[in-house]
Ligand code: GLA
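Quick heads-up: it's one chain on its own, the form predicted on its own, in C-alpha cells.
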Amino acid sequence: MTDPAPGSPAPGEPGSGSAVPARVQDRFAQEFGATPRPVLWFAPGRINLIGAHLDYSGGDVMPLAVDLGVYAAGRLRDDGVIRLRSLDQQLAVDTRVDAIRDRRDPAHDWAGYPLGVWQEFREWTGLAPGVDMVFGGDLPMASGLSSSAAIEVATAFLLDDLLGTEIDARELALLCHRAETRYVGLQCGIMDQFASALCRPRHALLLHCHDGTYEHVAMHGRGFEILVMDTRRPRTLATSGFNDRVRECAEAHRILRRDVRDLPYLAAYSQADVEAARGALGATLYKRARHVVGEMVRVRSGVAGLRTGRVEQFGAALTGSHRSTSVDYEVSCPELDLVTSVACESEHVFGARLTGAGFGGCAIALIEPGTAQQVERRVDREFSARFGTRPAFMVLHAGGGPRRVD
C-alpha cells in the first residue's frame, strides 16, 4: 500500500472523527450566516522530535506533524471588512482592510496571526479582500505544539483556495513565516510553518534550515509511541527569552566568523571552533554556541537511529537534547525538567525532551507501545507532589499536512 498523497488524511487516521469541524461550521453560521457555505481547511500542529532551537541558526531539525491541529472556515466579502472569530478565544475582531498596518496591533491578540497572513497575501498577490473566518482546534494552545503556526498555515491555505492563487505549499509556508517574524514580531526559524505545511502522513520531516531543503523520513515500524506530557505551564514566546536567544546566537556567530573562520551560519561550526573562541564568547554565548553545535551531532545520531530502527539510539539523542536545552540554552523550567527526568527513570521510556521553544508547555517521551498508563502514573505522582497541580497526557500519532475538509 502506498502512502496517501501529501495533505490527504491517512485511512483510519486518529482524530478523523473530531467534532471540531462541525462546531466551526456551526459557529460560522451563527455569526455570519450559513449560505453560501464557507470553505473549511485543516492544518496540523507539530512536535519537534529532535533539533532544539536550531532552525534560526541554520541547523537541521526533524519535526513531525500530529493528528491534532486547527480548522479555519472562511468566506470572502466585498465590502473591505475582515471579521475573525474563534472557538477557543473570547476576543472577536472586526477591522477594515485599509486599517491593517505592517505590525500587529496588540489589541488584536490571537487574531494577529491570521491578520499577518492576510497582510502577507496582500503584499504577495496585490489582492486585499474582505473575509469572514472562524477558527477552532483540538490542539492545546501555548503548549509547544505550535498552535500559532497551525493557525497561520490554515489561514494561508484557506486564502489561497478562496482567491484561487494556487501558490506552492513551500511558498505558503514561507509566507506564514514572514507573517510571524515581520507582522507578529517573533524572530523564529522556519521549522513550525514548514512542518505544518509540508509534512506527509506517517513521515517525519528532516528540514535543513540553512537552505530550506527537506526530505521525508518514514515512520513505519518505528517501535515506539510518542507520549506528550503537558506541564500546563503556559508561555508566551514574544514576551519570553526566545528573541533573546536569537540575538545571542547571532552574536556568537559574529564572533566565530571574526575570530575562528567565516562560515555562513552558527550550526555549521564544530565543537573545536567553539572551544577556540571560548574566551571571546564569554560564558553565556559559549553555552549557547555549545548547545547549537552539540545539537547538530545529536540530530545526526537521532536520525540515523530512526532510519535504522535503533530506538535506544534515537531516545538517547532526545535525552541529551533536553539536558543541553536546560543547562546550556536555559529554555527549560522546573516543571519540564521534572517530567523528563521522571519519565526517563521508567524502563518503558527510551528518552525524553522538552518540545517547542521551552519556557513551559510540553515535553515528549518515546515509550514502548502500550505503556503510556504506567509512565503517566509515575510522572503524575511525582509532579503532583512537587507542584501541587496535575499534568496532562496524550499519545500523539503522526498526521499529514494541510487538507481541505469537505
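Computed from a predicted structure; not experimentally measured. One rule holds for the numbers: they count along the sequence shown, beginning at 1.
Another form, the form predicted in complex with the named molecule, is not on view; read the next lines as being about it.
Which of Gly59, Pro38, Gly356, Gly360 has a heavy atom within 4.5 Å of the named molecule in the predicted complex? Only one listed residue qualifies here, and that residue is Gly356.
Would you kindly say which of Gly241, Pro129, Gly315, Gly189 lies with a heavy atom within 4.5 Å of the named molecule in the predicted complex? Exactly one listed residue reaches within 4.5 Å, namely Gly189.
Answer yes if any heavy atom of Ala52 is within 4.5 Å of a heavy atom of the named molecule in the predicted complex; otherwise answer no. Ala52 belongs to the contact set for the named molecule.
Using a 4.5 Å heavy atom cut-off, indicate which stretch of 84-92, 296-304, 181-189, 275-283 touches the named molecule in the predicted complex. It is 181-189 that comes within 4.5 Å of the partner.
Select from 28-48 the residues with a non-hydrogen atom within 4.5 Å of the named molecule in the predicted complex and write them out in sequence order. Contacting residues: Arg46, Asn48.
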